[in-house]
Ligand code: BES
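Form predicted alone, single chain, as structure tokens, below.
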């Protein structure tokens, strides 16, 4: 996909379509950049005078100048009021402009970015990076499994960014490449989640993880059932007992500063299909349970992005992956499992399987003596009830890493909301016959799941992210199609990029 900086003047080229973003204040004042041609500004000013376009956020007006001196199509796009503008609104605006012009017969698109006089926080480097990322994300589609109804893929139109203040072109090109890598890595995660579970098995997830990212820098190992059993991962093997598909434990190591700093460790739940096991789920919407590996997919995407971007931080990704199926060999309510850490767990509900596989991976992460641990999982329906699809539930044991994750969430608009981790919640998971039990009762289901995981990280800085509500959407958004959102990739990558070294 070609995304580049326009080195010529905005109207000194033969673009067939140009998108021009306007704040409401600029429309009211009929304010235009000084380098725009007067013949064009007079045409646009007429539209402003007629109040056919007022600059409201998301508003669009397609203008056909009818003059060979100008592009054949000019999209006027509303950015709303300056005081309310943000980088997230900018991402959405670029996505909407791109999709609107992709729907026309234009052969190329030029997007004119607001200049420093129009937007006080304008940063050209960030603008092209976030814009490129948004274009990749908004153009995503998943049509691999259509047969007779498969539509012809539309021609991908090149996009150029035009800036009032260009800055160093080589730096701008680098930032565009960063945005493309983030977009491609998020779309990789979306693909993994959207694949049906008869294709995306634990085995295939391991194969894909082994091939992604910068293979010279990112070293991936995939352990099979015998190796997992030798490690004593009773949680992962216990859940895997009900499936004919063999479990896998994926270990992704990116260590550019090996021996010089403690790594960040990302752990992702990789349940490629979740029936609930013996505690079987209701039939409606069970097809969506292919997305129960969204945490693992996010870790794969983030590790791919981090290695391709060459971020100078040691990062390890761990993905325990299996299916949760009911069968004659499946683990049962009332069973007791011995975990990798040595702790024993009484299973009261086999549909609380994600925390069992995560617990083994979290305990395994301690061998790296990590500076911080972040796990991601579509863990509880209770989190969807509490926060809907707009926020990730966050819990943890260390203020510094909690703050760093919150900041990364705000930077990427993959926002988190912290839930309490009081001692009383730990009481709810005490077992009468084992060390702990895998559910804590009906109340505070999201928090008691976090309390369970806390038992396996000892005193290491740790954050748990419940992405059950944010990993999947049934409603199309500006740069999120229906289905898998790819949430977590950009958050984890931002966290790694801005993490302060802890030796």
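Computed from a prediction, not measured in an experiment: that's the story for all the values here. Residue numbers count along the first chain shown, from 1.
One more form of this protein exists, namely the form predicted together with this ligand; it is left out here, but the text below deals with it.
Within this chain, residue 315 is remote from the site of this ligand in the predicted bound form, having no heavy atom within 4.5 Å. When contacts are judged by a 4.5 Å heavy atom cut-off, residue 380 counts as touching this ligand in the predicted bound form. Using a 4.5 angstroms threshold between heavy atoms, residue 311 stays clear of this ligand in the predicted bound form. Contact check for residue 468: a heavy atom falls within 4.5 Å of this ligand in the predicted bound form. Contact annotation: of the candidates 204, 281, 82, 430, the single residue with a non-hydrogen atom within 4.5 angstroms of this ligand in the predicted bound form is 281. Among the residues 190, 248, 290, 355, the one placing a heavy atom within 4.5 Å of this ligand in the predicted bound form is 355.
Look at 215 to 223, 346 to 354, 148 to 156, 177 to 185: in the predicted bound form, residues with non-hydrogen atoms within 4.5 angstroms of this ligand sit in 346 to 354. Shown without its partner, the chain has 439 as the single residue in segment 425 to 439 with a non-hydrogen atom within 4.5 angstroms of this ligand in the predicted bound form.
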